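Shown below, as structure tokens, is a lone chain in the form predicted alone; questions about how it binds or moves come after it.
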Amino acid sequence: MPIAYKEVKNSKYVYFTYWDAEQKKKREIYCGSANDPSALEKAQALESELLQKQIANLQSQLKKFDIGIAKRPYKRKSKSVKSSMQDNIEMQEDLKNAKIYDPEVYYKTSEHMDEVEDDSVQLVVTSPPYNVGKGYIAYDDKKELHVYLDFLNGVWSECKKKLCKGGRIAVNIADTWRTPYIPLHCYITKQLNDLGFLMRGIVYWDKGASVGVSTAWGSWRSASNPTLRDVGEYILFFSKDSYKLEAENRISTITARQFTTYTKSLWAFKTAQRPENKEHPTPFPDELPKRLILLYTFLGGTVLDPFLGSGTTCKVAKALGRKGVGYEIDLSYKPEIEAKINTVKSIGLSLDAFTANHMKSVNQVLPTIPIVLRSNMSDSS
């Protein structure tokens, strides 16, 4: 802790502690008695001064480098060696010549994605229609179950062709109806297993209070016919041919805090609110593709959404320095998709994503501030 208390002969004293990167050792500065308010104020002032120096140092270093494609992978230092702030910046030396990629969107069915090169996609992230009669304009969302599943199976087969070795597919799906209950996540899991995908796991997305107040009680306060009310959805994870992603360029942009959160099997965040005057009835929130893209792709990798909908996946891919590709059968959603994608003008990534060993003190000051790196951002792929 930067501010520490020590007790000597029943008296408590305040110290400011910090890591001296040059001398490679811990240092302490005596600030006074714990009973003296000015002692704590002095310690807090020293802490603030140190953090500002660290932040200024990181930001000045970031200006020297562009985000880009690495010529060699970053090599982690031995865990037995304590890293200084300067050590943490070494990874930035590999971040050169990146561009912000304008997504490629095709307004056609994703049953035949000939526009995408085989074995080129690092991640498929999508949420197919749930076959519950939603008011899509150019798609029948109330097919016979076997017709619906055959349609999905054709899309999954096409996705497998496009994924590279070790590439991942993440499918967001909800189970539907209640009489009878249709476990769509089970059907899709079997489809992907039968296609030879390697299952990685399932995340349950707890949508919490944002799902609204459900009134599908079945029988109210009676054992006659109580009905379970869904407050979440599933995200299914699979890999193609290998559990390990094979890629020439291996720059990750996920922070330590994000990694520990995203690798848990329970996610909790709100659903997307449908904006007024927008056509698409079921957009999903930016947070969903953001987590998947940061966790499962390297910088500059290709992200494919075969059911693009309102364009969220391509928007987030662009914002995170990835190449987005989307398929949407309904041309009427084109204005909404283009408007959403065009809101992204530069790459935005957390400051902590560019440090090998994240200092707790910096995390306390900058938990959510994005660092926008603008070099070469005017070019498109």
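Since the structure is predicted, the reported quantities are computational estimates derived from the model, not experimental observations. Heads up: residue numbers just count along the shown sequence, starting at 1.
The same protein also has a form predicted in complex with a small molecule, omitted here; what follows describes it.
Using a 4.5 Å cutoff between non-hydrogen atoms, residue 136 counts as a contact of the small molecule in the predicted complex.
Using a 4.5 Å cutoff between non-hydrogen atoms, residue 282 counts as a contact of the small molecule in the predicted complex. Proximity of residue 270 to the small molecule in the predicted complex: non-hydrogen atoms within 4.5 Å are absent; the residue sits far from the partner. The shortest heavy atom separation between residue 167 and the small molecule in the predicted complex exceeds 4.5 Å. With the small molecule left out of view, the stretch that reaches within 4.5 Å of it through heavy atoms in the predicted complex is, among 179 to 187, 238 to 246, 159 to 167, 302 to 310, 302 to 310. Interface residue among 50, 339, 40, 329 relative to the small molecule in the predicted complex, by the heavy atom within 4.5 Å criterion: 329.
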